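A lone chain, given as structure tokens: the form predicted alone.
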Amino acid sequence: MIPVMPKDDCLEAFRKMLLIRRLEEACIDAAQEKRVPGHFHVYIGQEATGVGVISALDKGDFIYSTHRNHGHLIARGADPGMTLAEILGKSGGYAGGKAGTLHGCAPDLNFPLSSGIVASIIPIAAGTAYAMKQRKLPYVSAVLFGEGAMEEGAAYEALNIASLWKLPVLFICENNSAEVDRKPGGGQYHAPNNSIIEITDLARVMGMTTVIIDGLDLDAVWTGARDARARAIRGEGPTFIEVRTDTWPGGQWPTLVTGRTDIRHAWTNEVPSQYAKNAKWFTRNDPVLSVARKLLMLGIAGKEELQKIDISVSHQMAGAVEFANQSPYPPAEDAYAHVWPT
């Protein structure tokens, strides 16, 4: 259900989800042309999580992310041209090309940094929450991370101290392996390597409020984050939110195995013949199509309005791609800028 969000907020959330999708499609295009330095991770299939959570936050709140940060940046309102330029290592990016894809940031939006080191960002987010509590600021720190972070010691230490000191922090675990058989100790990629079945049990034993949410349900994600923020502001401490999605079939070296998103599939329910083996993606797992269907079903938007949003987003993304492509690479001497000797 989406109605708890006002109509304009629903449409803006959908616009951001679609903008994330178009950015990631542009990123994959650039990677196919060997223009993305090193490895990269896309946010396709998880758009409702980032947009739902971040839409519930205040401008004064801080946000931290991991290696899969592109979607979080756009959800926060980051400029798509500067975001893509940073991914390409260009000087027009938020960090002048130094952060790249794995450490995306937008400091002016209270999005100081991301970290490609699994779980390393979680203690930093807890530290920010501690600072805000000490300064009696009415804001929270929100950190988004994958389920693999719960296999790292840093996560437990941060969750423990956050619960112990009732820090105003939201721990959002993006579990994009919902389709994996949930039994302890898998050992292979995308299999749980914990001795428990439910990830939320780890936070619950520390006395933390926990929530499990379907990552296709934008409204539930938004509501969960809104309520968690309210608890934190009241001084009731952190919340651990696990948002579950199925893994997008595009792979760890992403390719558009489900094609470029066609918003019309939301009402035609068509599964293109060349992508028949990924039919579940089109019929259920794509959050962009899923939210579009709900907007149509609830009468919040019509087909023409959704197509108009898509045209506007595509035009915006075309300008972003042009900006990123035309942005120069930083000069070699910039490698020593903002570097201090130890």
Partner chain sequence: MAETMFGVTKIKAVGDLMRRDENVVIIGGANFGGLLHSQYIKPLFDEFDDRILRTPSAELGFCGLAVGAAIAGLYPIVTIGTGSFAFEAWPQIVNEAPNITYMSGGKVKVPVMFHALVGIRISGAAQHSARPQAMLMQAAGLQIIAPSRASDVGPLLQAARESERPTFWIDHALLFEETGGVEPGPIPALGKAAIVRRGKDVTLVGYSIDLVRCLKAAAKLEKAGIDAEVIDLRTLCPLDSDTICESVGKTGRLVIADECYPAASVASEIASIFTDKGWGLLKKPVKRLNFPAVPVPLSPPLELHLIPTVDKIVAAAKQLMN
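Positions refer to the first chain, counted from 1. Source: prediction; values computed, not measured.
Omitted from view is the form predicted in complex with the partner chain, to which the following refers.
Within 4.5 Å of the partner chain in the predicted complex, do we find a heavy atom from each of F14, L19 and I311?
No: none of F14, L19 and I311 comes within 4.5 Å of the partner chain in the predicted complex.
How about G302 - does it come within 4.5 Å of the partner chain in the predicted complex, if we only consider non-hydrogen atoms?
Taking the distances in the predicted complex, the answer for G302 is no, it never comes within 4.5 Å of the partner chain.
Counting only non-hydrogen atoms and a 4.5 angstroms cut-off, does R244 reach the partner chain in the predicted complex?
Heavy-atom contact with the partner chain at 4.5 Å: absent for R244.
Contact with the partner chain in the predicted complex for D334, defined as at least one heavy atom pair within 4.5 Å: yes or no?
Answer yes; at least one heavy atom of D334 falls within 4.5 Å of the partner chain in the predicted complex.
Using heavy atoms and a 4.5 Å limit, would one call G235 a contact residue for the partner chain in the predicted complex?
Taking the distances in the predicted complex, the answer for G235 is no, it never comes within 4.5 Å of the partner chain.
In the predicted complex, which of 150-158, 220-228, 268-276, 72-80 comes within 4.5 Å of the partner chain (heavy atoms)?
Within 4.5 Å of the partner lies stretch 150-158.
Could you list the residues in 89-106 that come within 4.5 Å of the partner chain in the predicted complex, counting only heavy atoms and keeping sequence order?
The stretch touches the partner through G89, Y94, A95, G97, K98, A99, G100, L102, H103, C105.
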